[in-house]
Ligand SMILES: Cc1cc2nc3c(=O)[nH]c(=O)nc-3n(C[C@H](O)[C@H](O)[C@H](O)COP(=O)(O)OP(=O)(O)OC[C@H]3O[C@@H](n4cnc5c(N)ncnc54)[C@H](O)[C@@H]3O)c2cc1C
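Heads up, the chain below is alone and in the form predicted alone; it's given as structure tokens.
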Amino acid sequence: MTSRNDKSISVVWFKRDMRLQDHHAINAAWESGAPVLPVYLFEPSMMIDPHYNERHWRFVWQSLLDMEQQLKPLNASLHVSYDDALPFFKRLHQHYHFITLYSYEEVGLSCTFERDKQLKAWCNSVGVEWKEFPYAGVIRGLTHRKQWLSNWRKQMRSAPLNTPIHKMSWVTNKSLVTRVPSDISAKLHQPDEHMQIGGESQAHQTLISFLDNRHYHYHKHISSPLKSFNSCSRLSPYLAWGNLSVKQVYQAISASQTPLPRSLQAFVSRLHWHCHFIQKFESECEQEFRPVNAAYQHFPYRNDEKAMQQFNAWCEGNTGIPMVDACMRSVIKTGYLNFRMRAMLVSFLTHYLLIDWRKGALHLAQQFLDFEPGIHYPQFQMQAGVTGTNTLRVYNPVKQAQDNDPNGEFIRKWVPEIAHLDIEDLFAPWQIPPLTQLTLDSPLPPRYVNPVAIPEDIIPPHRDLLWKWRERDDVRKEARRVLYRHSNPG
């Protein structure tokens, strides 16, 4: 049995906030005057959750290594443990009698919410004080949005915290840490050249490069699946995993130029939408399981054997629709896809194939390196058209290819088996006459002769169904409730 240590300590529990600057929990721990124990938990129960993928935990691992490098000159280090939260903190409390726990409120999945409720109950039962701090202007327990926007602006304009971490006293005893199993750590330590690298240092470099030059064509290239790789900010994973605070990004942009060019104005507006959607999820987190507009609960999605085959083809990027396949293969390989193409993937699944959005939400959560539950679920529902409040957008994948990949570079890169096609055939190869197919340099793969669905044939009746549901009285009634609960006045 470990002997009880009566010394007071402050525990900073890192979750989706892996940085050392502009961090309220770190600042509060420093102000307490007690030695600080910085903790990150690779929670086995979370690592097997179907929303997550090895790419997420590798990004976390890289973020922790970056923080460790910053702490090393201070004779401090992170306490990284392979433990679920409750058993870890129980073990910690057996060793340190006086503990104050500091963390951010996590706007997460039901599994993290249930974990936090259990931990809160235990903290109350043993006298551990747990101080949580809100995320980026998101307000827990909010029932309306009357002052939300003004509060968000106030938060963004307040001074970032500059905690003197070099003056802090750190707990260095790691005897209570459970090492991450070697087979897991080996995989996480192996870099993936196709993915962005996690960490606070890399996040700031990405922000600087965006402000220095990459933003120039942001508003022009935002819809291009190819050009957006460079012209978009690429900050989303750093915000999702907390390598940067929203405030740091907001203030860096605000201070960069006066007046702000159109490109940066457009980006700042998206920072607001970032937090707006997370607040939506915080206020009604049941969106993980059901449509925010409850009237869509019984929408007649397909669940037959053919639908499941089509769903698997969609997941693998083998639908026979070139733009759909290119986008899916790209995000599987790189973890990144621009907003419009994400919307198109959701639209194709839910509007063309009539497959339940919840199936697709899990698959794409695994692929998006920037998976952020509070954005992912409200956005997915919006694009699936099950809110009853947003404009119903049915994305034609052929038109999206013509408009946003006019030279076919993106499709040729990610669907090389049809790269030999002329541009007039590339976007809809099923339309190539059979005799013309015989003259091609290479045979057309069968899936591109007979795709899972021919867009121009299948969408008219599906569009009628979607609009009929939108006009239903129960959908409209629920839409009014949704607007009152989640819309910003004005």
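Each residue number is its position in the shown sequence, starting from 1. Please read these numbers as outputs of a predicted model, since none were measured by experiment.
One more form of this protein, predicted in complex with the ligand, exists but is not displayed; see below.
Looking at the ligand in the predicted complex, residues 14, 71 and 85 place no heavy atom within 4.5 Å of it.
The listed set 93, 247, 274, 145 contains one residue whose heavy atoms approach the ligand in the predicted complex to within 4.5 Å, identified as 274. Scanning 279, 338, 319, 293 against the ligand in the predicted complex with a 4.5 Å heavy atom cut-off leaves one residue, 338. Contact check for residue 372: a heavy atom falls within 4.5 Å of the ligand in the predicted complex. Proximity of residue 343 to the ligand in the predicted complex falls within the 4.5 Å heavy atom cutoff. Although the partner is absent here, residue 328 lies well away from the ligand in the predicted complex, with no heavy atom inside 4.5 Å. Among heavy atoms of residue 379, some come within 4.5 Å of the ligand in the predicted complex. Heavy atoms within 4.5 Å of the ligand in the predicted complex map, among the stretches 414-422, 266-274, 71-79, 162-170, onto 266-274 alone.
Along 289-323, a non-hydrogen atom within 4.5 Å of the ligand in the predicted complex is carried by no residue at all.
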